[in-house]
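The form predicted on its own is given below as one chain in structure tokens.
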Amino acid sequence: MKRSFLMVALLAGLGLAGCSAFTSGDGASDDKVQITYARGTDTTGATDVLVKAFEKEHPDIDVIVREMPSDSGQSHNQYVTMFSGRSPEVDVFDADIVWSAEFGQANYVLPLDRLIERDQINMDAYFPATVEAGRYNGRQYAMPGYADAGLLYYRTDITDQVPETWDELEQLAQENMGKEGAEFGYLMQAAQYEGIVTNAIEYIYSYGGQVLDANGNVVINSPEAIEGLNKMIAIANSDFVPNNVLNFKEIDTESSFNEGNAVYARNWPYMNDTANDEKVSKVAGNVGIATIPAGSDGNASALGGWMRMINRYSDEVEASWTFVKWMSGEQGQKISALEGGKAPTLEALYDDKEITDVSAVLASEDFYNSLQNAIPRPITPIYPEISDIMQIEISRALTGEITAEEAVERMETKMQAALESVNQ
């Protein structure tokens, strides 16, 4: 919805026309611009605080908030329908971190490079992966919003040993399972859905493998990727994980860990809140967090989070950019962190005590290091197809239907075919 309106017209209706408080200094009338900002469900109230603070600083811009479905897939489909019809009903929107290439290539969103350069935005101030995730084909289509990165959780009442490598995780999970009621040594996400992709990214990249290179070429069929996938297969089929781990998603990991069933678990930062909530967790107060274990090439946490984009068909580009720039800047990110617990993408904010006091995750050096080492999922305009291919073949490898070597060969063939069909 777009409604730019003239304040003088409103004042005339109220019998106040001519009041100097609503005219500009040169005597011209004041236009007030209205933009629509779409985002998913926000149960924290942070969006209201964010918008009010922005409007106070920019009284010439009104921001209307439009709530989209909490399911990112449903939001994605609504945006595609909206933008493919060239609708200007939304000006600014929160975008899942895997949408930038797809929306950029489809010409749904504005490239922001000219505006970034004009306003001298220092992109080096952000965690590199959060900037990289918004770039495609040499253009910046999104500004970093807030970030997630995979973390390792562990029971501090059972052990103070934090595995630094996947090999150490296997050893410690085996040694410590069974203690203090922890039936299992480790929990992960291995069901056939997006979570299996983020888990696989962490194994493959920690051994030096990749899915696509910087030019978008398929490079999944490498010895490094096979080594990483073999480590994932070994852990998913070990006797220290639940025998139904191939059905595990984030919520299963969370509920089982909070019940005290495991020593170690891989999940996103949000789990720290529930794991330490005595109302829902039997292990509250006994939870530590650490970086994801390393392979032979170091640590690699999968990057999650959201970015801010501008609809190419917006009628209010300048006001939209002003809002995006402000939300992505220090003031906007600080409000999102303090009011909504969202992890900033600006590195300097992790030196701000107000922010680090919000939660143990934001105060954690391990979480900061995880964001420094975070890996974006493959940046490609056909990410949904690439993800589907990975989900199917990795799942087949975890069940033993095919080997790691066969999985990467099949992924290579399918991914190349999918990319070629788009480029024809």
Partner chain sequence: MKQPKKRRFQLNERQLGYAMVAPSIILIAVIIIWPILLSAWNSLFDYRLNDPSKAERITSLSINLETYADNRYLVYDTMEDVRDTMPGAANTLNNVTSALDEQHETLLKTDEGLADRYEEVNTMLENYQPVNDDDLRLTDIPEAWADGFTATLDEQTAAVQALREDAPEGAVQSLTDLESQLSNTKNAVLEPNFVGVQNYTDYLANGRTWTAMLNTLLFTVVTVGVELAVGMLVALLINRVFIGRGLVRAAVLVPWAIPTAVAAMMWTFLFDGQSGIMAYYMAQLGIIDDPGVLLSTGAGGMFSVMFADIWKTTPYMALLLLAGLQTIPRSMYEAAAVDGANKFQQFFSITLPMIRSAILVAVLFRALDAFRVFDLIYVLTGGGPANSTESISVYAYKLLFEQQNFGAGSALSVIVFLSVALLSTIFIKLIGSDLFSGRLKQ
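Residue numbers count along the first chain shown, from 1. Keep in mind that what you see is a predicted model, and the values were worked out from it rather than measured. Throughout, rigid core stands for the largest set of C-alpha atoms superposing within 1.5 Å between the two forms.
Beyond the structure shown, there is the form predicted in complex with its partner chain, which is absent from this document and is the topic of what follows.
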| item | value |
| --- | --- |
| Single option in D366, D42, D388, D62 placed near its partner chain in the predicted complex, where near means a heavy atom within 4.5 Å | D388 |
| Contact assignment for its partner chain in the predicted complex, among M68, I392, A53, A360, heavy atom within 4.5 Å | I392 |
| Segment that reaches its partner chain in the predicted complex - one of 377-385, 351-359, 45-53, 31-39, heavy atoms within 4.5 Å | 377-385 |
| is_contact(E102, its partner chain) in the predicted complex, heavy atom dist at most 4.5 Å | yes |
| G304: touches its partner chain in the predicted complex, heavy atom cutoff 4.5 angstroms | no |
| Touches its partner chain in the predicted complex: T81 (any heavy atom, 4.5 Å) | yes |
| Partner proximity in the predicted complex: V219 to its partner chain, non-hydrogen atom cutoff 4.5 Å | no |
| Residues in 208-229 close to its partner chain in the predicted complex, defined by a heavy atom within 4.5 Å, in order | none |
| After fitting the core, K231 CA displacement of 2 Å or more between the shown form and the other one | no |
| Threshold 2 Å Cα movement between the shown form and the other one at G260, rigid core reference | no |
| In the predicted complex, whether the C-alpha atoms of R139 and G216 sit closer or farther than here (change of 3 Å or more) | farther |
| Direction of C-alpha distance change in the predicted complex, E132 to I201 (at least 3 Å) | farther |
